[in-house]
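Shown below, as structure tokens, is a lone chain in the form predicted on its own; questions about how it binds or moves come after it.
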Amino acid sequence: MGEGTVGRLFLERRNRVCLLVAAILLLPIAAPAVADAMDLKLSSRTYGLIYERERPGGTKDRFAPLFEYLSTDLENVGGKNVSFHFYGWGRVDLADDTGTDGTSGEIGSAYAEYLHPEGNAQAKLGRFFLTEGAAMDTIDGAFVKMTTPVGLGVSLFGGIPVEYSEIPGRENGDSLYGGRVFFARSGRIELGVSYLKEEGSIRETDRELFGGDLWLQVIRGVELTGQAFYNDATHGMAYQRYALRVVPGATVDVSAGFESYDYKDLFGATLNPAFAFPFLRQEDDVNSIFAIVDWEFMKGWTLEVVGKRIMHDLANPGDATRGEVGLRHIYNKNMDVMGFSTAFVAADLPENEYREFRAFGTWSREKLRLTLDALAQDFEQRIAGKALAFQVVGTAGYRFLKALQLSGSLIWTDSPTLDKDVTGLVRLSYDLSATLGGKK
């Protein structure tokens, strides 16, 4: 079977699954007896961008992509704990193509969900993004989760992995399945171990992950979290993160932690090459430590101090340390915010060192809202002949109706990659909430 035939069969199977989930979503509408009562939430975001990019040789391309992001939720169908969810987006180019084609789009999720009235059981069927232990994937499949009265629980999932970066003729994983066993006590602890396997002929070995996760309230106001994944295909720890959060009162929030990831194990030998980041070197191993202090020293005034140290195994890019101090003020009955921050980055390589300054603010009056955000970076050494980089974003929005808002932004950028570039953005937002039917 040739590579093109495999890809065509995969797409045909994917289309059948999409038709299935679409049928599931239309079921409550097509069956009035079931749809006697339900809560409808509809959200639409339409974005229009306008900008130019210069090609080598001096010619310019003019781009005007139009994006639509649509999400719909049907809840309490027939007065039951059954709901249907949909999220998708599409793009059409009104000028030069921004991709390999003038149009594109994806169905991010389309699934039916059941929640037990007492919250100790959950089931999903269709396409959805799964975050359960070691799993952080989108699948066309099913998910079930149950918790016993003593706190022991189990979740199981299985289906076809959805890999959006589909390249014609490129093979994808054939199946993805796994589960998680956990113990949870509300407000005190949740501890879990998980397993995930993705089978297919993408590479020589299947993707296989073992995971562990922990959330523990040590004492009131002190929380400990941890998460780790082991990649059995590459025989290495893919990711680890441990953090301690201390909240001694309503005005102070302190957190610190450690994070580690190995690119080879994290992005795995079995992962589709379409997901490989060309700027990441697989042999690199990265560790970082961080600390964040958030202090509301006066009502409406908050001081934030952040420190982070990133350590690479490779001499290039080498290690770096970032320190940041910021002040923000919330006013106008918590509807607006203004502030500024300054940061520095000290690094092994001079080209990675810079100082950063940012100022931002919003202003609202009845149906009108204005925002301004300005960022400047002062490089330790010139990059592409420039010692400074600037970006300023100004936005004006007006709410015509309770559910309808129109806004526009201008983005001005002068950086090593963009020379005094201006981008225009028009945004139309529509949000609807309604109850359909009369027998709830």
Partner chain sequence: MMRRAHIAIFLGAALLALLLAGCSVVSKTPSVPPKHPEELPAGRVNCLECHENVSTGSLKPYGTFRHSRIFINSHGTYARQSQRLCASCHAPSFCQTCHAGKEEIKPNVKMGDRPDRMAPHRGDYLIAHRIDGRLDPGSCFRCHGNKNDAVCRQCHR
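Numbering follows the first chain given and starts at 1. Predicted, not measured: the structure shown is a model, and the values here were computed from it. For the two forms, the rigid core is made up of the largest set of C-alpha atoms that agree within 1.5 Å on superposition.
FYI, the form predicted together with its partner chain isn't displayed, but the following is about it.
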| property | result |
| --- | --- |
| Site test, V218, T342 and F400 vs its partner chain in the predicted bound form, non-hydrogen atom cutoff 4.5 Å | no |
| Close approach of S201 to its partner chain in the predicted bound form, 4.5 Å, heavy atom | no |
| G159: touches its partner chain in the predicted bound form, heavy atom cutoff 4.5 angstroms | no |
| Partner contact for G318 in the predicted bound form: its partner chain, 4.5 angstroms, heavy atom | yes |
| 4.5 Å heavy atom contact, L125 and its partner chain in the predicted bound form | no |
| Partner contacts in the predicted bound form for 329-368 (non-hydrogen atom within 4.5 angstroms of its partner chain) | N334, M335, V337, V345, E351, N352, Y354, R358, F360, G361, T362 |
| Threshold 2 Å Cα movement between this form and the one not shown for E132, core superposed | no |
| Displaced residue check between this form and the one not shown: F182, CA, 2 Å or over, core reference | no |
| Rigid core superposition, Y87 Cα moves 2 angstroms or more between this form and the one not shown | no |
